[in-house]
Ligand code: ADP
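First comes one chain, alone, set out as structure tokens in the form predicted alone.
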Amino acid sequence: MDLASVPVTRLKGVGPKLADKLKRLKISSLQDVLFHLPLRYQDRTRLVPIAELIPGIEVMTTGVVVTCEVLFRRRRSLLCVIADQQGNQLALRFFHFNQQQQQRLRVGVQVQCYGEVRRGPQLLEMVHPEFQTLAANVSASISDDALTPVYPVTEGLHQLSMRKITDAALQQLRSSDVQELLPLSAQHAANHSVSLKKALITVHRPDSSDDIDALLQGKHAAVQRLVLEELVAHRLSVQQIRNAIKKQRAPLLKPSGNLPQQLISSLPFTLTNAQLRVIEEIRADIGSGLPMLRLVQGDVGSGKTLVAAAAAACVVDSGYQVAVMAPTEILAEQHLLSFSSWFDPLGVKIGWLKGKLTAKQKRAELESIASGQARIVVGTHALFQQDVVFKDLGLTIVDEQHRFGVHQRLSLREKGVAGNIVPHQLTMTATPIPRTLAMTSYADLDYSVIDELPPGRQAITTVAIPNARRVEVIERVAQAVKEGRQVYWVCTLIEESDALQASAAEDTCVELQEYLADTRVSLVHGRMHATEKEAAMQQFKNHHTDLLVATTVIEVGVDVPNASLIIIENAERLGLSQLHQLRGRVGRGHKQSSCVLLFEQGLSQRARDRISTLRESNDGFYIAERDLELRGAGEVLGTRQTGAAQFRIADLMRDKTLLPTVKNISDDITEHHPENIMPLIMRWLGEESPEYGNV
């Protein structure tokens, strides 16, 4: 049976509504379910007494309900308190609940629950724990004798549902088989003698006889068998892209005037040597006649936008148009302001496309683009809509490229395709990419590094403070606002549900408004409408508010020079690169800036290492390398949620010794088994696989 051709609706319990939710996770077939691998595992193999609970850990515990009531304070919630025989108490908090749940949690009922322990207002608490009620004569017990998998899910799809779907898929797998796409010799390479079928069953449902430590560390033979195949699929994908690029041509661009020099001469500052070097690398690319595919990476504040502007000047001076695409309206607006300030005095017309233009405005912009009057066009996703037609697109610039899917980036590039001629492409990221990752995941791109900051930029002072001293931090915010400065307060709940992130930000906003009565506080989170988010950010940027409470939506694209203090809650939850990006929201003006990392007690050693690294260094590239060491490539770029190198189980730092084997196997498949290339790529990259004829 070809598992890739069996629709997910064949599985028991998967109807049209559930299938729609699974589609958001790129799951449409039985094979997709089997290769939707666990992110991590939960240890439900032992009960932890309430007295031994520590904030920041996930545990199974039990107790009897002593109170259960609906509260109407900051927002409606169900608060249930359980206690053990010694009187130790734990709060269970639910923001989303129904009458049936409320009835199940009545006073006197024994509850067995699993969740992350957090510090609450009065008691330790779990927010939205998984729970079951026990009959009066039944003692709490451990039903699990192995680790419990935790899957990537989407809103409205819970872990229990995902496990049931996976159970149904594994039942089908046990009575059939999964196609082996690696050559027989490769399956036994480097001790990878576990069959693909056995590997999938083990990784999804490890049993008590499995080496749990090896599984958690990614060294189990079943994990390594899947890692090998995933890395081969990624290498084959990169090879396909490269092969397609070699068959295409691009405009041969030679500036005919002195627009690039005019741009540089008009600046009130001198470019760094790193910027000048990268500009020359770009000029060489666009003058070769071959399509440029260059990734420019630079730390926060290194001047990537100006390098992009210099590249645009070369292209415009050669008679072609440039498209600049950003993932959010506020970041696109910043580019519009920057490009307009640089190019308006030079007589170069800048176009502007976003989702929220009036019909009249949009018609005028589209006409300007189609006629070639607009030489540089800045915009969001609106740039690659069907009705956008360029006269002579020569270069596409994509900012924060990992926030766009492969198809989105290609859709923009296709706007300039004429016959076999394609536009050049420049992509930028402020997320420093470790060399190990760049050589593997971005091997289809040439990459430049702006490894020098402009002179005069002050390092951001970073301190770590336990949440127990929260009031002191709030007083520090009050002092900063009193001095006329602005402040970010970032809530970093990492949960599958946007709803929980939003509730955390909302609760914090109310708390700070109560403490800081004279401070103008605004709120931004992922569940707000786009126009609300943009309005709140714009208010903050215009200093109509003093304190912006936000989730990590502000990680990229907010430039407020007057903001000189950022507080990051639960800093132990985030990876180094993301913390560094958030910290980069301050330090953009002339005032000394500070970053406060609020953390819960009971930090793991890895969390201590992350916080310590951030306190010691402001160097994004050093931080990226440390992040790769501590977390692995699958998390460094947030790749489980983005269109970047979607590693599901591989970890480049951990598995780098496999790379020579991966190369050999990839070459073998290309030469002797080319029919397996696309099935392998589709199995592991799915819809993120480029349509190679259109690269």
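By rigid core we mean the largest C-alpha set that fits within 1.5 Å across both forms. Predicted model only: the values in this text are computed from it and were never measured. All residue numbers refer to positions in the sequence shown, first residue = 1.
Keep in mind the form predicted in complex with adenosine-5'-diphosphate (ADP) is missing from the figure; the text below concerns it.
**Prompt:** When adenosine-5'-diphosphate (ADP) is placed as it is in the model of the complex, which of 347-355, 299-307, 545-553, 160-168 ends up with heavy atoms within 4.5 Å of it?
**Reply:** After filtering at 4.5 Å, what remains is 299-307.
Exercise. Which one, E616, D559, D211, D392, lies within 4.5 Å of adenosine-5'-diphosphate (ADP) in the model of the complex by heavy atoms?
Worked result: By the 4.5 Å criterion, the partner-contacting residue is D559.
Fill in: Heavy atom within 4.5 Å of adenosine-5'-diphosphate (ADP) in the model of the complex - the one residue of Q103, Q122, S185, T270 that qualifies
Answer to the contact question: T270.
query = Every residue in G56, R469 and N570 with a non-hydrogen atom within 4.5 Å of adenosine-5'-diphosphate (ADP) in the model of the complex?
reply = Not a single residue of the candidate spot has a heavy atom within 4.5 Å of adenosine-5'-diphosphate (ADP) in the model of the complex.
- Distance check, R588 to adenosine-5'-diphosphate (ADP) in the model of the complex, heavy atom within 4.5 Å: Heavy-atom contact with adenosine-5'-diphosphate (ADP) at 4.5 Å: present for R588.
* Determine whether any heavy atom of G218 comes within 4.5 Å of a heavy atom of adenosine-5'-diphosphate (ADP) in the model of the complex, and answer yes or no. => Flag for G218 set to no.
Q275: touches adenosine-5'-diphosphate (ADP) in the model of the complex, heavy atom cutoff 4.5 angstroms: Contact with adenosine-5'-diphosphate (ADP), yes.
Open item on the list: Within 4.5 Å, heavy atoms only: does P152 come near adenosine-5'-diphosphate (ADP) in the model of the complex?
Closed with: Taking the distances in the model of the complex, the answer for P152 is no, it never comes within 4.5 Å of adenosine-5'-diphosphate (ADP).
Did V477 shift 2 Å or more between this form and the one not shown, C-alpha, core superposed: For V477, whose C-alpha is compared between this form and the one not shown after core superposition, the shift is less than 2 Å.
Quick one: core overlaid, is Q248 moving 2 Å or more at the Cα between this form and the one not shown?
Where the cores coincide, Q248 shows only a C-alpha shift between this form and the one not shown that is less than 2 Å.
task = Tell me, please, whether between this form and the one not shown the C-alpha of R294 is shifted by 2 Å or more, with the rigid core used for superposition.
result = After core superposition, the displacement of the R294 C-alpha between this form and the one not shown stays below 2 Å, so no.
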